[in-house]
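This document starts with one chain, in the form predicted alone, laid out as C-alpha cells.
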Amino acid sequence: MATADPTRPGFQLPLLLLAGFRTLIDDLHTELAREGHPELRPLHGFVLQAVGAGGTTATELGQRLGISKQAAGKTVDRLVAVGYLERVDDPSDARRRLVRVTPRGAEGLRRSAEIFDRLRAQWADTLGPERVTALEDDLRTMASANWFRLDVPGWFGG
C-alpha cells in the first residue's frame, strides 16, 4: 500500500473529481443555452436518457433514476411544459401513460453529445491528448464495471 502524501490529503481526490465533473457540466449548459436550450438543467440529461427511445412510465422512470414517483412526475411535468418530453397513451395497455422524448428532447441530447466532444477536445488542448486518454483509462480502471448509471440523481439526493 502506498504511503499517504501529506501535501495531497485523500479527501481532495473526490472533491477534484467532482470539480472536474462540475466544470464540464457547467460548460455544457452554458453552450446548450447559447444553442437554444436554456431550459435544460443537469438533472434533465439523466431524465432524457432514462426515458429512452421507447418511452417509459413515470413509475419506471423514478425507479431508473433512483427517485420517488412523485419527484419523477414533477420533473416530467417540467420537461413536458418546455417541450422535451410528451405524455402519450400506451398502445399496449390503455390504463398506462407513457413518457416519451420529443424531437426537441432528442435534439438537446444530440447537441449535448456534440458539446461534450468539443469540451473533451478543449481538455486535450490544455492537458494534452495523451493525458486525457490516460485519465479516462485510469478512471475506467478505478470505476465499477457499471459506471454509466442513471440513478445518480437519487444517489446524490438520497
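If you superpose the two forms and keep the largest set of C-alpha atoms that fall within 1.5 Å, you have the rigid core. Computed from a predicted model, the values in this text were never measured in an experiment. Quick note: we count residues from 1 along the sequence shown, nothing fancier.
We do not show the form predicted in complex with the DNA, though everything after this point is about it.
With the partner omitted here, the stretch from 89-97, 116-124, 103-111, 30-38 that lies within 4.5 Å of the DNA by heavy atoms in the predicted bound form is 89-97. When the DNA is considered in the predicted bound form, K69 lines it closely, a heavy atom lying within 4.5 Å. Residue contact with the DNA in the predicted bound form: A50 places no heavy atom within 4.5 Å of it. T59 belongs to the set of residues with a heavy atom inside 4.5 Å of the DNA in the predicted bound form. Under a 4.5 angstroms non-hydrogen atom cutoff, the DNA in the predicted bound form has H44 among its neighbouring residues.
Taking the rigid core as fixed, one finds a CA shift for R110 smaller than 2 Å between the shown form and the other one. Relative to the superposed rigid core, the position of the CA of P91 differs between the shown form and the other one by 2 Å or more.
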